[in-house]
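Consider the single chain below, provided in structure tokens and representing the form predicted alone.
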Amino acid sequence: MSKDILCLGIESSCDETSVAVVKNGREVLSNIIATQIDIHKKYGGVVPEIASRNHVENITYVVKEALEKASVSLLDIDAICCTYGPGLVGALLVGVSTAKAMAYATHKPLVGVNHIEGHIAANYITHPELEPPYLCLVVSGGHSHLVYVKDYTEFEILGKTRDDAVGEAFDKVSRTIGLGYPGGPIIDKLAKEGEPTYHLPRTYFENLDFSFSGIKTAVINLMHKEGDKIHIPNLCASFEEAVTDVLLENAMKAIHELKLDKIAVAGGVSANSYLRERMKKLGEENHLKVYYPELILCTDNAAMIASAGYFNYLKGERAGLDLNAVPNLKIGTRFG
């Protein structure tokens, strides 16, 4: 019987300080998340310097709590995995520096993890039966990617946003309407009370790229033109429908081109209830198996980093103590 492999994951790419212990890439023993949402709310978005400072204050305690909850010591860990990009450079450096210090002190292997690949790996935790190949729609505050997952560590980007990421569009629209930050959960909630009565543009290209700036600008223009006459729940429902139409149209094109029978969604926007509902219906109509992470694994967390790190570790990937933060790291890139 093969030995269980314990990976400790560290995630600090934006405003969540998270540390987790995951067994064999799919079983979560602990997943501690110290969020900064309430801190950044009053600024209408994440302030990088404040995020970094809070990571420094939180990281030691979060590591301690993650190990205690998993009932393991640092010496029991087989590999230390950390997000090294993409993300906010100052925030990333806190997690990377912590991971390097721990690896140096314990002589444990250090594994660098791409944050986007971490989001994809979150599905392996919620769905232990999921195996590549499949299509993954990665939708978050900073990223909108259509990814062909060929293997656990092999990815091909089929399409990506040319401007705003979809989560970014949610936040900007929410701010325009006056709903606050973060925009995704607020718009999702209000959309349930409305109907998609406003016509908003959908942008498509010859390839599978996305564009959400046009939808965002249309909402801004509508607010300037009609102001108090706008029915906010209906506008939220209209925006949500337009964004989802574009995401799923491109996803289905990719599914047909590659002849795949599995599709997953990942990232913070994968928590959106309307997107999940449409994905489920799409799967039923097209005989597709549909996967999405449980809600706690949609937003930034270290369990997904430990899971992705596990597959990198199995492949033999190791980072040196010169590992650095790479804020614009591309998916599929290894150690900068």
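Start at 1 and count along the sequence shown; that's the residue number. The structure displayed is predicted, hence computed values, not measured ones.
This next part talks about the form predicted in complex with a small molecule, which is not shown.
Proximity to the small molecule in the model of the complex, taken as heavy atoms within 4.5 Å, picks out 133-141 from the listed stretches 151-159, 204-212, 133-141, 250-258. Using a 4.5 angstroms heavy atom cutoff to the small molecule in the model of the complex, all of 170, 188 and 268 count as contacting. This chain lacks the partner; the member of 85, 95, 118, 184 within 4.5 angstroms of the small molecule in the model of the complex by a non-hydrogen atom is 184. Contact annotation for residue 279: none of its heavy atoms lies within 4.5 Å of the small molecule in the model of the complex. Residue 298 belongs to the set of residues with a heavy atom inside 4.5 Å of the small molecule in the model of the complex.
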